[in-house]
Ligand code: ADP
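Just one chain is shown here, as structure tokens, and it is the form predicted on its own.
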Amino acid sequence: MRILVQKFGGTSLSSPQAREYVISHIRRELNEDYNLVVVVSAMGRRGEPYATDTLLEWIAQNGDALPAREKDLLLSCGEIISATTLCSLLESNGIASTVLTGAQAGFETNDHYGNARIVDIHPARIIEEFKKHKVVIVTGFQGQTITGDITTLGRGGSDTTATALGAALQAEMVDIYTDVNGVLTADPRIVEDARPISHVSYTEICNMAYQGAKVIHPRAVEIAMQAQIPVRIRSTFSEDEGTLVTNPEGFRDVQSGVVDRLVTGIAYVSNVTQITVDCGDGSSNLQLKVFKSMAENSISVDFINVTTTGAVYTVFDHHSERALSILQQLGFRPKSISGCAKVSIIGGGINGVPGIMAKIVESLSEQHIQILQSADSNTTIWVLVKKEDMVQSLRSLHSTFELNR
């Protein structure tokens, strides 16, 4: 049984014209004799009637006191509207289809409402519908607890639904359709000569997603990587193949030179504050106090450098005032730089290659850009710069590593 999972995001379903493209993609794969699972998100974006953010705003305007369990019940409505709309359109085009909610598709989750984790998937109902030669439309973003309560999987949850079903069904491929034609070397709104990437590894795309690229949710990539299911990131509005996400061995012979590239792409996260906490006497529990206080107050920390006498880390700008106040109450005298940006240089070829950091420093120095902080892993180097230097940093590094070629 040849199985393909297609996932269509909110912009892919938000207009009659867009939905025609969706139908054409479904028809094409049916002609290739695939059994199709089509995962859908809520239609549109903030401000449009059925978008998830619109539903959240509705609650904010009506008491703003809906419990987490009931909020998940409301948020599940957007995907149901998308799925039933698509089902009607497919049927009118002579394509037999059926709709399954996340629960009906077999998603069992924990009860962490708003950001539930998948415990197990039981896709037997989907297999039965395949035997009836139907396209199975599944509402993304949804699951159900063992006691029958509806849950949602958090931001990017429809991507997670798609790759999880791909894994459970041992699909040949998962196609993630969005409004961009695959993964690019940088944000094209900032770097005009950013170019499409034809192939990328699971690790690289996961790092790019974590560091600000929004083409796919990193949680979805991790599931695909564990199950070794290839993923394509494609444009709804094009027939192009987009970007293939798999292990390097999966595309070693497809495009010469791809495996040997040093840097795959540049990503960024803006609006962060750097916090420095210093203790000159070398107090051994400084780090414990600092990071425990952040955790207890639900403040996410990132870009962490720890020394024997202190700690440097970042928080989002909107958390900075509270974070500094907490540290001051503990008796520390923190220093901060607000309005920063974390720039990430990502590539599977970085590991073990000398001179990469030197090239980064040289590139930014030539533009008179100060590096406030840096860190690295085997596939990523991060530098913190002032937000006003972010655009030039991205453009300069993109050019330095010849990503425009």
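The structure presented is a predicted model; accordingly, all values stated were derived computationally and were not measured. Heads up: residue numbers just count along the shown sequence, starting at 1.
The following text describes the form predicted together with this ligand, which does not appear among the structures shown.
Asks: With the partner left out of view, is Lys132 within 4.5 angstroms of this ligand in the predicted complex by any non-hydrogen atom?
Replies: No, Lys132 sits far enough from this ligand in the predicted complex that none of its heavy atoms falls within 4.5 Å.
Asks: I'd like to know whether Met208 contacts this ligand in the predicted complex, with contact meaning heavy atoms within 4.5 angstroms.
Replies: Taking the distances in the predicted complex, the answer for Met208 is yes, it comes within 4.5 Å of this ligand.
Asks: Any of the heavy atoms of Gly182 lying within 4.5 Å of this ligand in the predicted complex?
Replies: It does: once this ligand is placed as it appears in the predicted complex, Gly182 has a heavy atom within 4.5 Å of it.
Asks: Would Asp187 count as a contact of this ligand in the predicted complex, using a 4.5 angstroms cut-off between non-hydrogen atoms?
Replies: So Asp187 counts as contacting this ligand.
Asks: Considering this ligand in the predicted complex, which of Ile95, Val301, Val215, Met225 comes within 4.5 Å of it through any heavy atom?
Replies: Residue within 4.5 Å of the partner: Val215.
Asks: By the heavy atom within 4.5 Å rule, which residue out of Gln274, Ser201, Thr178, Ser76 makes contact with this ligand in the predicted complex?
Replies: The option sitting close enough to the partner is Thr178.
Asks: Name the stretch, out of 391-399, 377-385, 7-15, 21-29, where some heavy atom lies within 4.5 Å of this ligand in the predicted complex.
Replies: Result of the contact check: 7-15.
Asks: So which residues in 32-54, when you check this ligand in the predicted complex, have a heavy atom no farther than 4.5 Å from it?
Replies: Stretch hits: a single one, Arg45.
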